[in-house]
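In structure tokens, one chain follows: the form predicted on its own.
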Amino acid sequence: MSSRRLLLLLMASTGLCAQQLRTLKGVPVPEPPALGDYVADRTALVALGKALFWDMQAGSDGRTACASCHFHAGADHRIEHQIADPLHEFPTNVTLDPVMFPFRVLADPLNRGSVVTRDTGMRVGSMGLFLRKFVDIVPGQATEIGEELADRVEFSSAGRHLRQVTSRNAPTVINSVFTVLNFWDGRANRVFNGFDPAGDARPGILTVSGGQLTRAPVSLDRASLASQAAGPILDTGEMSYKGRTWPKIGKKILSLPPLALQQVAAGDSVLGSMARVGGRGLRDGVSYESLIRSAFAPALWESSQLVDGEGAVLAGRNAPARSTSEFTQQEYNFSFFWSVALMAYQSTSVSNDSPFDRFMEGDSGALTAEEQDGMRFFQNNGRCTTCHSGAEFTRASFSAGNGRNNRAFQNTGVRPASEDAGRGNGSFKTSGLRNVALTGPYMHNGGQATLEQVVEFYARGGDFGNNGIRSFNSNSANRAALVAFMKALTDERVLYDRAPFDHPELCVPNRHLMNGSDTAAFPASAGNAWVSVPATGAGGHSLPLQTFAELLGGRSTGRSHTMTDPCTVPLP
């Protein structure tokens, strides 16, 4: 009897087939049906998206990329100044510690009705920007002109401004292409309107028709990743000074050499052939303008006619612009280029080669006996597949009914709905579980540090009532097997930053320094200690990524992304 047939019989005898867990290999990557109407070259589009995602110049401060919160298995991996609480006072500029987790502690962690010994509404978010007012850009300069603004008292210390912290935990972007609606609350609409996450009708981007610039409304379906990409770049807590606009972003970024501050490995799976040998950024001749011209249809960028910030044609005016308030068609349409390119790049971030995938393909030795026990418990007594089913391990995926079911978003009793309503009544997206061993802390509030704590949370039926889950009976062996199974969902390519998960160099702020500011332009802001996430090529690191629990516990030997490498980026 073949190993494949033996495996199928084993699955049938234990009820595995009925639960519809399966490998992600062969599952089509969702794509907007009308994408070809806009895109001329998919390879150039992915290259543009990867450069933009990792480019620190994109943020208003010239130091913040999308990747600044998604650099470690697609998620954040920092423990300094990561606390926020929109409703209450909270400590700032502190280091997370194992004793702080979980955020709600019970005398009996398996009994929701037992005595509560500690509870907090704090969240582990992501350190973002200082709160500042946008004034203008200087073409050719990554840092924007801004003015310091007073923030809430928790984001200040010793008379200095501190960086803002987001109020939700940063989810991984890996496999997010399979999700119908993105962000924890699903506000990134599946229909991209060309400008923002909302999906509702907008005036449209500018296109050339009959030699004239005209408006063309955008309604790109199955494009939640594009809707999502349009959010953080203008969020005043994440990447933007208050009042920055898309045309200004386009004018700035199009004036800058791609990834000018950062090293790009010659072996980078996407950007390697463009990397500047012995230097930083991409080689001469590769610009954001040239990448856009290669990636997108000419009708979206070819006009030299200038427009104002609302897209109205300036009669008789053609490039070059006389001021930063006049924009080319390419600059005005930058919201579309940015969002679609990031969607294309993130669509390549598919992890489908875990031990679990190999087991489901017929390799009966890919999972240990304990991991197989954990899979059986996951599907049967644990009832985890009620929400975390299918190849994507989430009911929020396209293949699970286009996200139209009551398990795509639900209240799991993490916190009271009065603290964060999410999508309504405390409901949040059911996240996928692939690579979950690397993406702690867990839940939308980041209140669980380890998978063991997560399993205890679900075993007791959540922390607060009126939720959509039920407790389950288990023993220590069941729970250990369940954790072992979830760890077997890790793709080694993610674990070692191998292609397609390789990336350029990145430096991220890791904590504040209170003895002075980094820049004379903002003397009231605290300084920053920066750490490096080194560039990798297609072959990745020789060491595996550090887990969140290891970071909390101080283990750095034999691990990468330990948040200890000195930053070598020449920060502006």
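Residue numbers run from 1 along the displayed sequence. These figures come from a predicted structure and were not determined experimentally.
This protein has a second form, the form predicted together with a small molecule, left out of what is shown; the following refers to that one.
Peer 1: Of the listed stretches (87-95, 299-307, 325-333, 426-434), which one has a non-hydrogen atom within 4.5 Å of the small molecule in the model of the complex?
Peer 2: One stretch meets the cut-off, namely 426-434.
Peer 1: Would you kindly say which of 458, 359, 398, 71 lies with a heavy atom within 4.5 Å of the small molecule in the model of the complex?
Peer 2: Checked against the cut-off, the match is 458.
Peer 1: Within 4.5 Å, heavy atoms only, which of 183, 195, 103, 134 is in contact with the small molecule in the model of the complex?
Peer 2: By the 4.5 Å criterion, the partner-contacting residue is 183.
Peer 1: Tell me whether 141, 276 and 280, taken together, all sit within 4.5 Å of the small molecule in the model of the complex, counting heavy atoms only.
Peer 2: Per the other structure, none of 141, 276 and 280 touch the small molecule.
Peer 1: Since only the chain is shown here, I'm wondering whether residue 166 would be in contact with the small molecule in the model of the complex (any heavy atom pair within 4.5 Å).
Peer 2: Contact check for residue 166: yes, within 4.5 Å of the small molecule in the model of the complex.
Peer 1: Does the small molecule get within 4.5 angstroms of any non-hydrogen atom of residue 522 in the model of the complex?
Peer 2: Contact with the small molecule, no.
Peer 1: Does residue 173 reach the small molecule in the model of the complex, with heavy atoms at most 4.5 Å apart?
Peer 2: Flag for residue 173 set to yes.
Peer 1: May I ask you to check whether residue 346 falls inside a 4.5 Å heavy atom distance of the small molecule in the model of the complex?
Peer 2: Yes, residue 346 lies within 4.5 Å of the small molecule in the model of the complex.
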